[in-house]
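One chain follows as structure tokens, the form predicted alone.
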Amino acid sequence: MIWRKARNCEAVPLAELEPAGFEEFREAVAAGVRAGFRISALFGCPERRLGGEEGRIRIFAALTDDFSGLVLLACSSVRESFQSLTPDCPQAHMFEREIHEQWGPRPEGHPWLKPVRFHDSYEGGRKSPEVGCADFFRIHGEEVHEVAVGPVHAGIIEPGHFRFQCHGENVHHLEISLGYQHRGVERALAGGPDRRTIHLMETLAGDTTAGHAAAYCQALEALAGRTAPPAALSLRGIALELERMANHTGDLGALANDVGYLPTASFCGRLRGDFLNMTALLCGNRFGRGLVAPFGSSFGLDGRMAADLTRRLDSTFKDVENAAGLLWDTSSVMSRFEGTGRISTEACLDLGIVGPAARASGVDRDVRRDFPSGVFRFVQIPVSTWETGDVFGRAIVRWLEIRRSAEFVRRVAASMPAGDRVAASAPALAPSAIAVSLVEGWRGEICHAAVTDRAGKFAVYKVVDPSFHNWFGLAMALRGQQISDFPLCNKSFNLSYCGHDL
């Protein structure tokens, strides 16, 4: 048995995670996925950083079980190549492509080994292809044509390229190419943590400041064997749910705008700002910069501020309720939402889709319940699911989550623990250890995996934003749709370019 069972935010000594032979490792991962586990992270690290042999890459796998709350850890070691998992396990396809371009080992038998991002190999020896230059899948036949969109788009949005294979208006296949703004964040994290690390975490994806900062803090605290005080954990939970409500509200407005329904679009654009202002009430920054910190928080929530927050929340929530109600009561909106961009439960499970996109297809998974940490161990939020898997499903799940997040914030704000907000000290990290930290960000599961070297510094720090799992879900949702449905489907997922292009 090669698996080391762990819990969310548990530090595991690398001595308890001896590398297995790759064939055994490969079969164990594939068997785990067949049994219902998910690949939350699959990544590489040079053996020399761990005190091992030069020229070898250690590959770590973190599989998660939504039913038992277990994290299964395993690893193996490879040189120039390894047998690809992807033909037997589609969830591995992006991870294997990433391992190849970052560290060099080639996954033999991978069906479509194209760039995830565009950069030189981290260890040298492999030069990046020209940015944006990659092979694309093509369909040939009479009246089949290709539509290329991006990477430069109208409006102030990030770059991404979408290649449609169409027959008339019908989309047979959509291929998505990202990586145009690769920033090298993961590479910069190696050797940390240091004073800049928390700032890098807060800007991994600007609309998910609280989510990524919380995941980092949990990983750090696990490796240090120290947790933040209860007051700081409660404030962290409030920050996560305010971030969820702000973004879900903005998405409902953007979906309304994509079908030309201006009342909800106008209202929700303003109401998103009201939620952001609630975060600013807590820390002075609308996106929550500086609010979530390792081992505690520099900010507090006293009785007066809690009352003000609750008053603002109640007022804004009523307006969101009215704005969302207009969507469900307008037949022209519903005719565009219902049945559009459907993705099946089976496809979600096969691809490892996470967050509202999965829950809208009837996949009952949520880190807050399945892998609870911090305040979510004590104050639970019911999981919101739907069955249709279409644009409407992804919209209604957002609305249900806004309702439940609002109730959570009211409860936690009304019962903030007393006492210190900052731990007495920030101890050193455990050397030669690994910790996996899971947080339910507003897009879905955020996974941070930190591996320390013999000095207790990051040998490698792996970030898996929910968008990394979900971009291929968007491609699947477009199959059989009209190409004019793309903006609506795209917004119903609302995935992050920068969260993918780390």
Partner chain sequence: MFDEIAARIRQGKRTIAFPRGEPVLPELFRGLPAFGAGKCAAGCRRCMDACPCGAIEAGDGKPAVDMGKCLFCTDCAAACGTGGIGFSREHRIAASRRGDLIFRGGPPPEVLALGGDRGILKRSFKLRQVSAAGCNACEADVNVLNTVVFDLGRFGVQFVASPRHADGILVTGPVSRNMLLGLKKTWEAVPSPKAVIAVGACAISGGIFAGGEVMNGVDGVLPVDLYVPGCPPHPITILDGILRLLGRAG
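Positions refer to the first chain, counted from 1. Here the structure is a predicted model, which is why all the values come from computation and not from measurement.
Keep in mind that the form predicted in complex with the partner chain is missing from the display, and what follows is about it.
Novice: Taking the partner chain as it sits in the predicted complex, is G179 in contact with it (heavy atom to heavy atom, 4.5 Å or less)?
Specialist: G179: yes, in contact with the partner chain in the predicted complex.
Novice: A154: heavy atom within 4.5 Å of the partner chain in the predicted complex?
Specialist: Yes, A154 lies within 4.5 Å of the partner chain in the predicted complex.
Novice: Is there a heavy atom of T310 lying 4.5 Å or less from a heavy atom of the partner chain in the predicted complex?
Specialist: Close contact is absent here: in the predicted complex, T310 is far from the partner chain, nothing within 4.5 Å, heavy atoms only.
Novice: Heavy atom to heavy atom, is R403 within 4.5 Å of the partner chain in the predicted complex?
Specialist: R403: no, not in contact with the partner chain in the predicted complex.
Novice: Verify the flagged residues D364, A459 and N470 against the partner chain in the predicted complex: is each one within 4.5 Å by a non-hydrogen atom?
Specialist: Not a single residue of the candidate spot has a heavy atom within 4.5 Å of the partner chain in the predicted complex.
Novice: Report the residue, out of R97, H173, H119, R336, that has at least one non-hydrogen atom within 4.5 angstroms of the partner chain in the predicted complex.
Specialist: Comparing distances to the partner chain in the predicted complex, the residue within 4.5 Å is H119.
Novice: Just give me the single entry in P427, P431, G191, G206 that has a non-hydrogen atom within 4.5 angstroms of the partner chain in the predicted complex.
Specialist: It is G206 that has a heavy atom within 4.5 Å of the partner.
Novice: Counting any heavy atom within 4.5 Å as contact, can you tell me which stretch out of 365-373, 141-149, 269-277, 70-78 lines the partner chain in the predicted complex?
Specialist: One stretch meets the cut-off, namely 269-277.
Novice: If you look in the predicted complex, which residues in 173-202 sit within 4.5 Å of the partner chain (heavy atoms)?
Specialist: The stretch touches the partner through G179, Y180, Q181, H182, R183, G184, V185, R187, R195, R196, H199, L200.
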